[in-house]
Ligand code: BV8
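So this first bit is one chain, no partners, the form predicted alone, shown in structure tokens.
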């Protein structure tokens, strides 16, 4: 595996504008469940039943109870070696943005800069109606109203099933992908679009793709099979030798 981590480091060193993309797998090593399937079962509800605008309109209190349960679980966990490995790599390559599908905020918590949270952040809150962000206490039993429009209800700051991804985030991602000559993908299945297509965008322009996953990566220029918490620090070490 050292041969592959060394090759990854060389590709990163030769890159002028690499992009980093992470999915649920990078936070799984911190013990955070995916909240989908059996891991996300709560009071006999599944994520697909609660993470929707329709569910919130029907029973906002129930949806908030679920999200506060999730927030509590995440709050008890910490960023792992993979998150800190990315931070070290970003210090060596300051122009490298971090695009994440995760809502746990762990990249920022670990100290990363230029983080694009394409699915939002579970610890943020905004108005269901006017979309204004709020720092109101949402752990209370009562659902809070927006302090700006005074009528809309506050909701978790994440993208729900059936909703479009944030325009600003997607515009940022588009700009970064157009500049990218390499993409390093970590902990994502490559099945959820549009993120699943980011590597193809970079490759279509002649760029390189590197993937770290516990399952054998496919359709990439360099695939590393294993835990990101072990492999990313190794790549950083190899990079520093160059």
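Residue numbers count along the first chain shown, from 1. Rigid core: the largest C-alpha set superposing within 1.5 Å between the two forms. Quick caveat: nothing in here was measured; it's all calculated off a predicted structure.
Below: the form predicted together with this ligand, not depicted.
- The three marked residues, 94, 172 and 202, fail to reach this ligand in the model of the complex, with no heavy atom of any inside 4.5 Å.
- Using a 4.5 angstroms threshold between heavy atoms, residue 19 stays clear of this ligand in the model of the complex.
- Using a 4.5 angstroms threshold between heavy atoms, residue 124 stays clear of this ligand in the model of the complex.
- Though the partner is left out of this view, residue 53 does not reach within 4.5 Å of this ligand in the model of the complex, counting heavy atoms only.
- Contact between residue 194 and this ligand in the model of the complex is found at the 4.5 Å heavy atom cutoff.
- Shown alone, this chain has one stretch from 132-140, 83-91, 109-117, 157-165 that lies within 4.5 Å of this ligand in the model of the complex by heavy atoms: 157-165.
- In the model of the complex, 215, 226, 227, 228 are the residues of 215-231 with at least one heavy atom within 4.5 Å of this ligand, listed from first to last.
- In a rigid-core overlay of the protein, residue 107 has its C-alpha displaced by under 2 Å between the shown form and the other one.
- The two forms, fitted on the rigid core, differ between the shown form and the other one by less than 2 Å at the CA of residue 210.
- Once you line up the core between the shown form and the other one, the Cα of residue 155 ends up 2 Å or more from where it was.
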